[in-house]
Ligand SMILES: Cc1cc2nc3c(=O)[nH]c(=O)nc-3n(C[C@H](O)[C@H](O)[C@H](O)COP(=O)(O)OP(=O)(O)OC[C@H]3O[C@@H](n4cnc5c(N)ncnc54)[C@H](O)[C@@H]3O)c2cc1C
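Below you'll find only one chain, the form predicted on its own, shown as structure tokens.
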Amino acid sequence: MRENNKVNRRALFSGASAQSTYAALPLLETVDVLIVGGGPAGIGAALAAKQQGASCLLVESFSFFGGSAVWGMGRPLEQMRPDGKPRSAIHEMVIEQLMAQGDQSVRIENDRLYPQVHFLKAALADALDAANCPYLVHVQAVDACVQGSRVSGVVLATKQGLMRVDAKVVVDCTGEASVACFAGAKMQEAPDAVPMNLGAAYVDLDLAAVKEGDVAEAIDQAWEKNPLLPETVTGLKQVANGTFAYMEHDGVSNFDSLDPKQRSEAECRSRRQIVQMERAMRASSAEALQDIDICEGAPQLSVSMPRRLKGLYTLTPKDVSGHTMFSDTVAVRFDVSGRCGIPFRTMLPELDGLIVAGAGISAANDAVSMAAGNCIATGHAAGLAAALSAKKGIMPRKLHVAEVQDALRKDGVDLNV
């Protein structure tokens, strides 16, 4: 295990120098609520904050929204409609915009949505536009602006250089609690190396003719010529209602996802890995695989154990297995074994002016959830709380949680376990 904060950024950049430098940066925008990261949590936070009447801005480092929901290349968005029932008004906004893209856009099975990711990208932009929520893409948050013990904005890398966005409340939906880390918040110890997976989609195959075990057998027979093949391959599964498939495999491991050199090596190895998987399948004795071709690889690796906040409370495996309910529950974590409450405290660092949502909340390794539906739920709660905080002129942890809970219930959220 290693500590993420070996060097404390606030100590490194302490004093007047850093803050005076940041204050001198061009001011891009001043808003009530700034949401950093346009994955499922960020979409939930932005829609919720705007619905509460806050002035807000969503910033995303890629050229599209969706985050890990897109990187799966067609893998299901889980826990979007648990037991087939609507989960919240925010979840339904996303689903309705995706379904409006047409029959090719999504296949819905129980709690899961199997999306065609290019339709998903369009649907999420449409959802933001329908809510009149401003956003920027191709901007990277590279540091937090901190005044005393309060996060007051972020520094963005843009095509015109560094710029600053000031906000009453910042919602960190980066998936790795990056803004919280930049601000000097306490972070949980992370494993030295975690499994990572590069999503890939394949075309030119007859899915109906692919037999169970065909892909695994093809991989087993191709190790000598393709040494980067993964040890475990579940197989090919249909993307939405289309004629192509995404691949389930175990990816690469023994790399530190936060170390720039190791992350670079892992990314490039994974690119070679999906090519070798295609070669292995084309060389297979299974006729249905012999013309297969790579359609697309994900823009980046998915990390199974992302960096996470050490908040005012850490969700534990016992909480999850015991279906624990908390007095400050603001979201519900669904999984195959049931559900448990997610307390507001898991989203709050000791710093003011900041709320963390999505995969980066304070949760133990066996309690973290990457399910899109759960990330939207914590984003929904965070965006709503941020808007209320800005409206009242108080810090998020000074909010009466009952007020946040009442507002969530009005949005159709069931906070009972």
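Just so you know, these numbers come straight off a predicted model, no measurement behind them. Residues carry their position along the shown sequence, with the first being 1.
The form predicted in complex with the ligand is left out here; the points below concern that form.
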So which of Ala371, Ala363, Leu28, Ala54 gets a non-hydrogen atom within 4.5 Å of the ligand in the predicted bound form? Ala371
Can you work out whether Cys173 and the ligand are in contact in the predicted bound form, taking contact to mean some heavy atom pair no more than 4.5 Å apart? yes
Check whether Ser389 has any heavy atom within 4.5 Å of a heavy atom of the ligand in the predicted bound form, and answer yes or no. no
Check whether Gly66 has any heavy atom within 4.5 Å of a heavy atom of the ligand in the predicted bound form, and answer yes or no. yes
Could you tell me if Ala41 has a non-hydrogen atom within 4.5 Å of the ligand in the predicted bound form? yes
Has each of Asn132, Val165 and Leu354 got a heavy atom lying within 4.5 angstroms of the ligand in the predicted bound form? no
Heavy atoms within 4.5 Å of the ligand in the predicted bound form: which stretch in 264-272, 223-231, 136-144, 202-210 meets that? 136-144
Which of the residues spanning 252-290 lie within 4.5 Å of the ligand in the predicted bound form, based on heavy atoms? none
